[in-house]
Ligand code: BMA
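Below you'll find only one chain, the form predicted alone, shown as structure tokens.
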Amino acid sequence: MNNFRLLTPKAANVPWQERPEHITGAPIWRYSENPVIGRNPVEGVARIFNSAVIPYGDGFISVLRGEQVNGVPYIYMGRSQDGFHWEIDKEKIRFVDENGEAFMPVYAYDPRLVKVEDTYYIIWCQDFYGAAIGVAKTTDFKTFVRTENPFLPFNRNAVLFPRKIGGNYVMLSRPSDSGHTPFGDIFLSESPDMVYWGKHRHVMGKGSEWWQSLKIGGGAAPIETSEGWLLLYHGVTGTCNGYVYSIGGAILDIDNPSIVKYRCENYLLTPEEWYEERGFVPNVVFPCATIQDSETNKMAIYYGAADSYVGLAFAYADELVEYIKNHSVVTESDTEIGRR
């Protein structure tokens, strides 16, 4: 794609491993030394997975889903110089309210981490008298201030766009139910202040393809490109032996991201390696973060594996977008504005 551009900051230190020979299917390849975070990574935490990474300073910082040995998930913080090797805090992140008073969630899991202007936002799933979305903000990764819950229960899989669109913050989410969510479409909402949310739009629903036939949900933060917003999301199918989570890809309109321009009918990554097929919840790959370099088009993709590990994969952004476009199948509900 000669005219393709990543409209993102440079990231010269993007974690990277060269492409092996004989890649088939989507142009994504796994890190040969996966998983990058294994079991029992720090005292009191049995498993870390479904976690987000972002460049910070001369290295990287992460917000991690840590399953404590008592079974309750919380969010922990990690640091790395190279994006492969991680030092993880033993203590969970301490959240406060706007007055500086302690304000810890009952539980917190599947965090995303997105920088908008000069502020870093953590978005996760928590208890708000039912499964709902929690949000906190920080500028220094020392003080974490929780904001108001953006939506009522039941909702999950929220991810914030990395810049305002039309002057508003924009967030993807998946309204759900109180159980294990046997349905789910991705919706979009806007806010002028990260407190009051509205202008809700439908983005896309589950697909007819087997790998996303049960439900879908947001993944990594959308990536701004010259073709539109590159979205990596998760698709779920049901089998006689339980759910299977795969990674899918779509391109959203740059100005009206409730409109899907392209949507890949093929999965981009599906459970195939031992650390994806075997774990606490088998057969799961779950995208949570990407790091990309606008000069080289290199992308590092962090994903949860089998609810037990953090995996890392790589791609060239231009090749990935071209693959999505070449294998795109969209429906009327994908391409409409999403307002009825």
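Keep in mind that what you see is a predicted model, and the values were worked out from it rather than measured. Residue positions are given as counts along the sequence shown, with the first one as 1.
Keep in mind that the form predicted in complex with the ligand is not shown, yet the notes after this line are about it.
- Although the partner is absent here, residue 299 is not a contact residue: none of its heavy atoms lies within 4.5 angstroms of the ligand in the predicted complex.
- The ligand is not shown here, but in the predicted complex it comes within 4.5 Å of a heavy atom of residue 307.
- Not displayed here, the ligand is approached by residue 65 to within 4.5 Å at the level of heavy atoms in the predicted complex.
- Under a 4.5 angstroms non-hydrogen atom cutoff, the ligand in the predicted complex has residue 110 among its neighbouring residues.
- Relative to the ligand in the predicted complex, residues 245, 281 and 286 are all within 4.5 Å by at least one heavy atom.
- Comparing 77-85, 102-110, 223-231, 198-206 against the ligand in the predicted complex, the single stretch with non-hydrogen atoms within 4.5 angstroms of it is 102-110.
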